[in-house]
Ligand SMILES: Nc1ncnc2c1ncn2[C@@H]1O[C@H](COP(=O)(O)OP(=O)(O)OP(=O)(O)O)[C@@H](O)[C@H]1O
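Read the single chain below, which is given as structure tokens and is the form predicted on its own.
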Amino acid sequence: MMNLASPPQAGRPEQILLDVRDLRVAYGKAEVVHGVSFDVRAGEFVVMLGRNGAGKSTILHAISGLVPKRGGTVHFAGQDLSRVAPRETVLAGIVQVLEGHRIFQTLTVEDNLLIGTYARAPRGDRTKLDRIYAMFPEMAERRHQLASRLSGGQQQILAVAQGVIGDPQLLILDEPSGGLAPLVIDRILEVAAQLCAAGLAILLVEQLVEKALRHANFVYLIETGRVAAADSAQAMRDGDLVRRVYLGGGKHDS
């Protein structure tokens, strides 16, 4: 298994879209992300795996500007996003769907979707709705329903749709499977794979390892705030590192 000091390039797209170098994040005096470096290529489906508390979500939040960085750089599509606010990150083309389907419960499905267009159109852009409804027909059927009346799975799908409607170049999904039924999880991951096939880059943090590996092109393993390994998803599936280190050696059936 190769490590990040000499990252494997074979089979990966040439164009680097997101380039993170020596990222460090601290909460108070305690550093929790220790010099993480990785990249996501244009049109690539990248999965970040690791145990709970490994620092995965903190890495994502730092990229999106939701938590301050102690050090390091974040470049995206040629822009330096190392010290910008979350809104500038969205305008640059990065949208993060936060863990726990954080939507506006007191608004309708359609109003939630329109909020996803606000970064570029302060009054909302209704012209994007038809494409999103075609992609997410379950949202079209419930467009006038309050988000609070959706099931947990429907709310997560709405959160993903709200991210997609903003036309990002990179969609970051943080633990989209949390507490959801297997069929809903499969639906979300299949949508992500379809978006990737259409040219959208995906960066996914997920606990359901085998499900995530079915769709990924490339994988980073995070351990105690560091990149422990990086390789193609196929190599990760064929090898025993993921099962041995992250699944305790047992068969993982999700």
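All figures in this text were calculated on a predicted structure; none of them were measured in a lab. Each residue number is its position in the shown sequence, starting from 1.
From this point on, the text means the form predicted in complex with this ligand, which you will not see here.
None of 181-189, 195-203, 208-216, 26-34 except one has non-hydrogen atoms within 4.5 angstroms of this ligand in the predicted complex; the exception is 26-34. Checked against this ligand in the predicted complex, the candidates E99, D125, D111, E138 yield a single residue with a heavy atom inside 4.5 Å, and that residue is E99.
Contact between S64 and this ligand in the predicted complex is not found at the 4.5 Å heavy atom cutoff.
In the predicted complex, at least one heavy atom of R51 sits within 4.5 Å of this ligand. Heavy atoms of G43 never reach within 4.5 Å of this ligand in the predicted complex, leaving it off the interface. The partner is not shown here, but in the predicted complex the stretch 57-77 reaches within 4.5 angstroms of this ligand through a heavy atom at S57, T58.
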